[in-house]
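Shown below, as structure tokens, is a lone chain in the form predicted on its own; questions about how it binds or moves come after it.
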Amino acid sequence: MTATARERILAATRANHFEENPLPTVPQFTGDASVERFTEVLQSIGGQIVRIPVGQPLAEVVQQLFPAAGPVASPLLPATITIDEQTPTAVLDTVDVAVLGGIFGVAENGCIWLPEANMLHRALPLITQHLVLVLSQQNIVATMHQAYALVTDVGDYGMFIAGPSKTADIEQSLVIGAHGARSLTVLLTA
């Protein structure tokens, strides 16, 4: 009986045994994990840093930063609009300011890890006009290598956010807020 093409391929695959090689040792990457470096990089990509003095209420800071804000969505302070994972995008589109809790920041590129559990809705950080992320200055790491080591329980979704939305695709002209939040403000807590 003649072997089919499938049987010949499977037999050839089984016959090939490659020597197992150990994984390479990944070097320890180091860098500057200072608040100053994080601030410098975040500001260079269009973000804003606001240090919150100990004891100052978060709602008060947001009110000072966005005095004329329309709907505010947040699990961290009294919100003026209720958002959850079932909220239609037409309602999300009305959110002026979203105040969410970041887990840690990365000094080398100014990004902040935001897991889905802190977003209220997956689209909220991308569709709000102004995104405010609250971050403890104790939770800044130097490099993305260190950051990925911290992302252990991702769940279904999460994202690194760096600066406001921007593009320079059309005639190399920088456009802020082209396809996402027009501004990113990071509120650094002690």
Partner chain sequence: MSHPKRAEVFTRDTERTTWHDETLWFVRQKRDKAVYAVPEFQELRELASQIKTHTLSRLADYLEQFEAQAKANGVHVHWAANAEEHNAIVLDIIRQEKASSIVKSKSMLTEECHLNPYLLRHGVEIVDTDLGERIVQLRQESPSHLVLPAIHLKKEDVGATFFKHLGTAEGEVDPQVLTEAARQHLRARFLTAEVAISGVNFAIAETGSIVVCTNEGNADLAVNLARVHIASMGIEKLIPRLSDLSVFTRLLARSATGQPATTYTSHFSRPAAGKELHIILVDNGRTQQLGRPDFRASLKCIRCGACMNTCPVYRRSGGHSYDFTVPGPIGAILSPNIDMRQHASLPFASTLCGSCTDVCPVKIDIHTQLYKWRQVIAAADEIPASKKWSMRLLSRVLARPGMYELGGKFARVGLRFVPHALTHAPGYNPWAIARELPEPPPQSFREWFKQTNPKP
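Positions refer to the first chain, counted from 1. Note that the structure is predicted; figures quoted are calculated from it, not measured. Each form is matched to the other, and the largest set of C-alpha atoms that superpose within 1.5 Å is called the rigid core.
Just so you know, the form predicted together with its partner chain exists too; it's not on screen, but the next bit is about it.
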item	value
Site check Pro22, Thr25 and Met159: each within 4.5 Å of its partner chain in the predicted complex by heavy atom	yes
Thr152 within 4.5 Å of its partner chain in the predicted complex, heavy atoms	yes
Interface membership of Thr39, its partner chain in the predicted complex, 4.5 Å heavy atom rule	no
Partner contact for Arg122 in the predicted complex: its partner chain, 4.5 angstroms, heavy atom	yes
4.5 Å heavy atom contact, Met144 to its partner chain in the predicted complex	yes
Residues of stretch 164-183 in contact with its partner chain in the predicted complex (4.5 Å, non-hydrogen atom)	Pro164, Ser165, Lys166, Thr167, Asp169, Ile170, Glu171, Gln172, Ser173, Val175, Ile176, Gly177, Ala178, His179, Gly180, Ala181, Arg182
Ala11 C-alpha shift between the shown form and the other one of 2 Å or more, rigid core reference	yes
Large Cα move at Ala168 between the shown form and the other one, threshold 2 Å, rigid core	no
